[in-house]
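Just the one chain here, laid out as structure tokens, in the form predicted alone.
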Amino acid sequence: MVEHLLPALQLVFNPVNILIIAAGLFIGITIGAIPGLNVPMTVALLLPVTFSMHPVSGLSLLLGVYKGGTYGGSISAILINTPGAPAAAVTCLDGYPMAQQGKAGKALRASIYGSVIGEFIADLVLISIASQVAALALKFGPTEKFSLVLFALSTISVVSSRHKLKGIAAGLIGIFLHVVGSDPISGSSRFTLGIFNLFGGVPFLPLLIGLFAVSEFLIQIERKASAGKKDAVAFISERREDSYVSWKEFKENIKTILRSTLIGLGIGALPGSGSAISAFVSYGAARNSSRDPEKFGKGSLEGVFAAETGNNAVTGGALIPLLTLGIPGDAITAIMLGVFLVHGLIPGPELFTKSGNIVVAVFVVLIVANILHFVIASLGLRLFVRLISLSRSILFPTVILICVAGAFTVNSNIFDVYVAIVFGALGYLMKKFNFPVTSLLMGYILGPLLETSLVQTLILSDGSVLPIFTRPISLVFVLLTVFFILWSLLIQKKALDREEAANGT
């Protein structure tokens, strides 16, 4: 591939292409930060625009949107407890408490650092050992995917912190909500109550908007403004250390960043997995290996690093099966496949031999996009932080209008607005009674993959579940699930013992 490096650099390093990458990042960050809008929809809308471009320029635009949008969801998650993307729901757990403590700047910087480092390392792995990782990913059949999802679901106990039974209950509700609609195998309707709009299932974006944005709006309504005081969303600490990540704090989180990057890279390389699973697993792994697990959910910097690094490392991992095997890793890379096909490029082994200059150019674009990502996100950070200094009476009504509009415009259906309102009320009640809404969302996201992989496993094994315990990779994930749950319970017991000892003294 060395002989293709100079032509690739010439393709990438021209002013127009650099501007295209920057524009893609800006669009992605903006779209990702606005609840109700989503990156796959944006990439799909921009796809026709790329048909008239050079393939490298078209891919530069979409890769910029992909990277920027994956990070952008953390902005609203940290500032207003409303994730702009599903995977950013995990970032809410510690990012929003940090913002309430006046540390929004620190949380946002941790999000930037984790995102960019996770992307950068994942891209380096993509460049160096993509084919080997893709070969391993091919060994994941339905049985292995079921065990992986089971392992991811075990993190509900971690995400739920003290309220583990409530977290499990919320997760089961989320799985049940997935069941509403049409059976993926037989096509028969389930639990639709005769409502035509539910035949396709509970719409995802309205559910996400309701659980987080509408419920937060209802909670904010309860808060009364005090006379003579600025009714800001959250105060901004004047201490410099609350707005920056110190070198000491960064060094303390290097292991978390590396671990989450590997998790994101591995899960991203599995077709059909996605960043949400990676964020949950990374967060759970960080909490179980942390010296201070009781701080998670209360404003842990380590929690923000874990969620955002694992979330964004998926972008590099998802490109591995696309480039090496022609199999998209997620919905966004599936859309990107169209750019290759329109220009007569067939992703797979032959792409590296017949169009090596394009492949190397894509690798260069990934590295340049990471650098620009850091610059653009850092420049916008001060503006983002200033948002929470706005009055709640201005910010939250504006946010709720954007969210309602977003819920409607996805399918241009007023039913989706009703769904957002219903789940807003449900999310409000869950927060009041300490049921973690993140666990419900996790169950809903993982439900389709859990059901499909289980059914496929049973079909292939004539109704037997033994392959789950006899196939090597599947067995590893089953054992990890058991270990994860037991380790989580042990950590909780130690935390309770420390509290009892402290109260006793």
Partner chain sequence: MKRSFFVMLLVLLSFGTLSAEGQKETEAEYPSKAIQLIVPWGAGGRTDINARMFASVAPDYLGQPMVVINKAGGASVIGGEYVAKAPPDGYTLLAITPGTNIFPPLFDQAPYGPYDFDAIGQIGSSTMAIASRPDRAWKNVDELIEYARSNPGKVTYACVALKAPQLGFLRWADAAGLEFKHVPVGNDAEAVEAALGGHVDIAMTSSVATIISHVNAGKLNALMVFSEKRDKLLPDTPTAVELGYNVVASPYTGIAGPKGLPPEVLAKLRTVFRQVMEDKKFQALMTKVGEVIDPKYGDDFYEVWRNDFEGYSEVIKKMGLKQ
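Positions refer to the first chain, counted from 1. What you see is a predicted model; the values in this text were computed from it and never measured.
Not pictured, yet referred to below: the form predicted in complex with its partner chain.
Asker: Judged by heavy atoms and a 4.5 Å cut-off, are 22, 288 and 472 together in contact with its partner chain in the predicted complex?
Answerer: No, none of the three is in contact.
Asker: Going by heavy atom distances of 4.5 angstroms or less, which of 154, 413, 357, 243 would be at the interface with its partner chain in the predicted complex?
Answerer: For this set of options, the contacting one is 413.
Asker: Counting any non-hydrogen atom inside 4.5 Å, which residue from 381, 387, 262, 325 sits next to its partner chain in the predicted complex?
Answerer: Checked against the cut-off, the match is 325.
Asker: Are any of the heavy atoms in residue 121 no more than 4.5 Å from a heavy atom of its partner chain in the predicted complex?
Answerer: Contact check for residue 121: no, nothing within 4.5 Å of its partner chain in the predicted complex.
Asker: I'd like to know whether residue 255 contacts its partner chain in the predicted complex, with contact meaning heavy atoms within 4.5 angstroms.
Answerer: No - in the predicted complex, heavy atoms of residue 255 and its partner chain never come within 4.5 Å of each other.
Asker: Please check if residue 476 has a heavy atom lying within 4.5 Å of any heavy atom of its partner chain in the predicted complex.
Answerer: No, no contact at 4.5 Å.
Asker: Is residue 295 a contact residue for its partner chain in the predicted complex, using a 4.5 Å heavy atom cut-off?
Answerer: Contact with its partner chain, no.
Asker: Among 476-484, 66-74, 51-59, 437-445, which stretch has residues with heavy atoms no more than 4.5 Å from its partner chain in the predicted complex?
Answerer: That would be 51-59.
Asker: Which residues within 333-367 place at least one heavy atom within 4.5 Å of its partner chain in the predicted complex?
Answerer: Sequence-ordered list: 335, 341, 342, 343, 346, 347, 348, 349, 350.
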